[in-house]
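Quick setup: one chain, the form predicted alone, written in structure tokens, and binding and motion questions come after.
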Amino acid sequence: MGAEEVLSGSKVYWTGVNDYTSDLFEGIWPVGEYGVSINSYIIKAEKTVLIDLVKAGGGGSSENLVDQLASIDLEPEEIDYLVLNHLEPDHTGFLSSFRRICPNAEIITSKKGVPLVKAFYGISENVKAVEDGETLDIGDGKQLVFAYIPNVHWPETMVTYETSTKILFSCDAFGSFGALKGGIFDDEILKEDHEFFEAESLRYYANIVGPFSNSVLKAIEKAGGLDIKVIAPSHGLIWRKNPETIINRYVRYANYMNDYAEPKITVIWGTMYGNTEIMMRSVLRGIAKEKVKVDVLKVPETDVSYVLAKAWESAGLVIAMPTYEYKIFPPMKYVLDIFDYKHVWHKKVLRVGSFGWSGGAERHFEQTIKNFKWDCIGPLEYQGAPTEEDLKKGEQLGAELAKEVKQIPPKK
């Protein structure tokens, strides 16, 4: 795929790649099945600017970038400025090689980005730190404005705004998992593909950006003073028809951390010998009677990436798992640890589960979630297989949880 002009006559080009070779993004989150795009951009004016890079090797990432430059009659050594909005290696991995083939290009980044350029790549010469709000005139009526958005999601992150085209190059902000399927822009893909990218933007947000939600809201407020025509992130679709769609989506996702999210329930369950599963089915019957939307995810069979995404947008959670050696069932403990990392807060939660010779999971559970800001009902624990009385109680508690969740207004 060659370079694509973002807006007709703008001389601003997408020069990104699709990565299907990384099984795990950040070494944690699965992307192998659907891939992930890594977007960089060229601005051609009196000065030529490359905004963000791609990772080194793997799937031809760096080779593709060089070929795309050639498709718009541009050799790497003609680039005057390389803007690094964010120093994470999926956007900078090609930097050492780029410096060798383009030694005269000035690297532009934030103040906190400069030491990371040196730390990751040993480069300190011809690296410039720009101030928050600083501008750079690149000729032909084009001007770049740099704005700091710290902790979205690294402390050094900034965005770049081009004033004549009104394009915001937002790096990881407004990004998404999922490789581009031929269509690069929001106005050239099918409804079904929009649904795919909506799900993948939620998963990306919950997995990558979630705990920095307050910083996201501050960044969006800061960007509110800009006239934005196009949002060009470093992962996912370029939004040139309806950029407000992805902005509003991120506002909603960010507010989930500080509120009860959507009136739906995610049931997360694991079982050793089936006794917790029996109870989980009774809880589901109670939820169904109240006609509340529910997602059911089994661990460890379902990767925590998908569990996290569903939990992030749900006001209600059911945690169904047995006691394991006086503690939480280990696959569920991993899920809860990730919830701690990612600030899965403000949920209405029911925990149920069996135990064998002794309990202990509930005590461990309470210790684990003490900072989660969860409103818990129950728990319902039982030794061995659940009795008919236990199952009736589980159905009752499921209905009780659903009734509470139904009172929460939708955010969409």
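Note that this is a predicted model, so its numbers are computed, not measured. Quick note: we count residues from 1 along the sequence shown, nothing fancier.
We do not show the form predicted in complex with a small molecule, though everything after this point is about it.
- Although the partner is absent here, E192 lies well away from the small molecule in the model of the complex, with no heavy atom inside 4.5 Å.
- The small molecule in the model of the complex is approached by Y273, whose closest heavy atom lies within 4.5 angstroms of it.
- Contact annotation: P322 falls within 4.5 Å of the small molecule in the model of the complex, judged by heavy atom distances.
- By the criterion of a heavy atom within 4.5 Å, Y341 is excluded from the residues contacting the small molecule in the model of the complex.
- In short, of 350-358, 45-53, 28-36, 366-374 it is 350-358 that has heavy atoms within 4.5 Å of the small molecule in the model of the complex.
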